[in-house]
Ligand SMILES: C[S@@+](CC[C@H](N)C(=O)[O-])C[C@H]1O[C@@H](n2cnc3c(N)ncnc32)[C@H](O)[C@@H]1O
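Take a look at this single chain in structure tokens; it is the form predicted on its own.
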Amino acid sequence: MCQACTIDANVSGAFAEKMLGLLNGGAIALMVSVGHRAGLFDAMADGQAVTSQQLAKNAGRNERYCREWLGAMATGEIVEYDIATKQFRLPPEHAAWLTHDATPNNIAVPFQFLPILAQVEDEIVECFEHGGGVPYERYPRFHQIMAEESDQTVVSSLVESILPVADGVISRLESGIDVLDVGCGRGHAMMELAQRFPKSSFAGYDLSPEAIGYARTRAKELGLNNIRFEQRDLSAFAEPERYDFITGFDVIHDQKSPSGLLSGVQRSLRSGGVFLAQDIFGSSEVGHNIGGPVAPFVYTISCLHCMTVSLAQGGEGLGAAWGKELAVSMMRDAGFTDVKVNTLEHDVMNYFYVCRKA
């Protein structure tokens, strides 16, 4: 502690309370993830009061674990508790944000990232001392959670809300064009489009063999003959003038070489082609992000995943918090002279960039 500093007891006390709140909030966040994965919120979605025994029976889970989870939910004011009847209730106002029926507003989905990120804390601390990064393989289930999150923020509103920001694309998809999704993950977005627009041809590239394996299997199950998926390192990607429309959903900032990917995308578009990119909401200036609704989460997931995964490949380590100003600058440097930035009402976490090739 600074020996010469005068401490304002009120400010100090308020800060201590804030830190305790963060401690409790972090603990509750982990239990929200558990509740989502174990189907406990869904089992309480009807708004009926239940004991821990009843919840365990309804959800098909162990009673002792349900009891402790309910204790955390009650003290965290996620569920209500009646001390006389020993019953717990998930209010419908809370269920509207915590159950699978709440999609695309199920806020419990991104809570799953927190335990995944916590698993690499030791390696991240080592990186603070020695540099380098943590490879993607160290994040189990990450592509699965990303797919679930993408189902909410992208797939659920892809045709109705997202594609219309790129004027003319839907009519071209109906007529038949060549489409690529870079960093496609499990491929849900492209499979949605492949079903909706059978005259167009679709492709998805991703670095993860597990994600690509899933995408190929699912596409085969759906009987989609107008789509293909390939495992690709996109850092030096380019297929000159092969596509009419390229998408990249929450992927540019993760890359080993974001600038290389953007240049490759520009080169791979035909004249008049469009690149539609979804990426994190925020400014390139830290000060402009203070008070932002998800700014602390963005910087955290950037440090513990996005940035470090890129650095592990010897990459640029751009990170999720690169911001709109830098994003637009890099897109223009890649050769896009027409760059427009859009926000959508359903998604407070992302910008949607529309880049057109002359």
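Note that this is a predicted model, so its numbers are computed, not measured. One-based numbering along the sequence shown.
Not on display, but discussed next: the form predicted in complex with the ligand.
Among 115 to 123, 282 to 290, 73 to 81, 206 to 214, which stretch has residues whose heavy atoms lie within 4.5 Å of the ligand in the predicted complex? Only one stretch passes the 4.5 Å heavy-atom test: 206 to 214.
Is every one of F142, S235 and K256 in contact with the ligand in the predicted complex, taking contact as a heavy atom within 4.5 Å? So, yes: the whole triplet contacts the ligand.
Which of these residues, G273, G133, G183, P110, gets a heavy atom within 4.5 Å of the ligand in the predicted complex? Selected option: G183.
Selected contact from A95, V251, L163, M191, since only one has a non-hydrogen atom within 4.5 angstroms of the ligand in the predicted complex: Contact check passes for V251.
Is there a heavy atom of Q313 no more than 4.5 Å from a heavy atom of the ligand in the predicted complex? Contact with the ligand, yes.
Can you tell me whether M146 touches the ligand? I mean in the predicted complex, with a 4.5 angstroms heavy atom cut-off. Judged by the heavy-atom cut-off of 4.5 Å, M146 is in contact with the ligand in the predicted complex.
Flag S150 as yes or no: does it have a non-hydrogen atom within 4.5 angstroms of any non-hydrogen atom of the ligand in the predicted complex? S150: contacts the ligand in the predicted complex.
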